[in-house]
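Only one chain is included here, represented as structure tokens and corresponding to the form predicted alone.
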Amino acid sequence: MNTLSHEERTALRDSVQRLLRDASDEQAVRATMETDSGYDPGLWQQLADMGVVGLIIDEAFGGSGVGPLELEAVMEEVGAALLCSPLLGSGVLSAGLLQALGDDEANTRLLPGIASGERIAAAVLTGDGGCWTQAGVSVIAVAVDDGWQLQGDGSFVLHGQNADVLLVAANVEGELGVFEVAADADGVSNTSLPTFDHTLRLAKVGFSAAPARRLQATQPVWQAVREALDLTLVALAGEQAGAAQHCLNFTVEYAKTRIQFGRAIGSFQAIKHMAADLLLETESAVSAARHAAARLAAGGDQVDEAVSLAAFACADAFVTTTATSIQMHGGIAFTWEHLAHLYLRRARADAQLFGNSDQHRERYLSAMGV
């Protein structure tokens, strides 16, 4: 894993910010979220060419080979721009799972295509309950003469509709395995799930005697899944923190220019108090996300604690910031046409991905020994 210097990390972040400022503005987001795929293939390829899609993928497999610190910094810009893309599901969760499993043959075969953006991978890790624990895995693998077949359903699959390859956690012979399945294989069904956030794509994937290839694991499978989920939670926390900060910025600008009763509304004491509270929320979220990235990069005993803290702190801060932004804008922000409405929907949806805040608090308390 390469760790960039502060200057290099800042340059990477600035490059992503410039690209997304031009290619993922409000008009682009609204147009993209109404498409069937929910992402812009042209922008996706630009991100891949910059090394963003393969950011955490080892250089030996065609990626940039950097770590959580760089990922979190990039995801702050992704959140600020409300980027519509499979980045979190393919470039982070799926790529992280493959590398955590450590199957060199599968990594050599799959990761270069994921890093280049030519292949989109989706991880199927939980069932309809969405608990994101080993007990929540609902797919079953059965050995047959020529390999394996999968039976059952997986849900809440990020960009499952757009995936070329599925990485499926399944119960097999009293243990857990991860299986590679072609998304268009016989016995695979794919159903889009309704989402409160129109920039998000989720799918339910069904398997009925679907042919599969079992991936090798160099560590216990759920431990590999947990590593991939922790990396994804850090990336999501960065997205939430960056989006919350951007939402606060444009809300403060509005308060400076919106005139009521002959004065800018930002001069009213109530608005000042709300803005001050949001500044504390957003700064705390940024600190939590960056601390979790640093702890994950360093490893050690405090990873669970830091990641869980960031997961609930950033989710709650994003929800609070967007809801208060709606209030500070007044009635106009309640309409679908206003930008603040898009951030509110992203915040509400992000707060439920990979477990809600209560689940992350329980894990945090457990890590603290409480």
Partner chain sequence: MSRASNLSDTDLRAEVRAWLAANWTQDKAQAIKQSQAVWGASDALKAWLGEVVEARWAAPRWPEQWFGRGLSNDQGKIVEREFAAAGAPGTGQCRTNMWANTLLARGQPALQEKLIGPLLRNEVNMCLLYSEPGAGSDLAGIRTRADRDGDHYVVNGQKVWTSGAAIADYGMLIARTDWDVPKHLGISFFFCPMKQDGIEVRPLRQVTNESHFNEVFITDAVVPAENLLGDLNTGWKVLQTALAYERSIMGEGARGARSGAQESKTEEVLIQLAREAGVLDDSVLRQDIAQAIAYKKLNALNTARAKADMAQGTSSSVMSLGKLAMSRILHEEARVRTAILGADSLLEGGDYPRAEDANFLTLNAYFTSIGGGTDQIQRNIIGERVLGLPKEPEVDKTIAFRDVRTNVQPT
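Everything numeric in this text was worked out from a predicted model, so none of it was measured. Numbering follows the first chain given and starts at 1.
Below: the form predicted together with its partner chain, not depicted.
- Residue contact with its partner chain in the predicted complex: residue 128 places no heavy atom within 4.5 Å of it.
- In the predicted complex, its partner chain sits within 4.5 Å of a heavy atom belonging to residue 281.
- In the predicted complex, at least one heavy atom of residue 269 sits within 4.5 Å of its partner chain.
- Put simply, residue 21 is far from its partner chain in the predicted complex: not one heavy atom of it is within 4.5 Å.
- Distance criterion of 4.5 Å from any heavy atom to its partner chain in the predicted complex singles out 275 from the list 176, 215, 165, 275.
- Although its partner chain is omitted here, in the predicted complex none of 144, 149 and 221 has a heavy atom within 4.5 Å of it.
- Heavy atoms within 4.5 Å of its partner chain in the predicted complex belong, among the stretches 154-162, 201-209, 232-240, 286-294, to residues of 286-294.
- Applying a 4.5 Å heavy atom cutoff to its partner chain in the predicted complex picks out 291, 309, 312, 313, 316 from 291-319, in order along the sequence.
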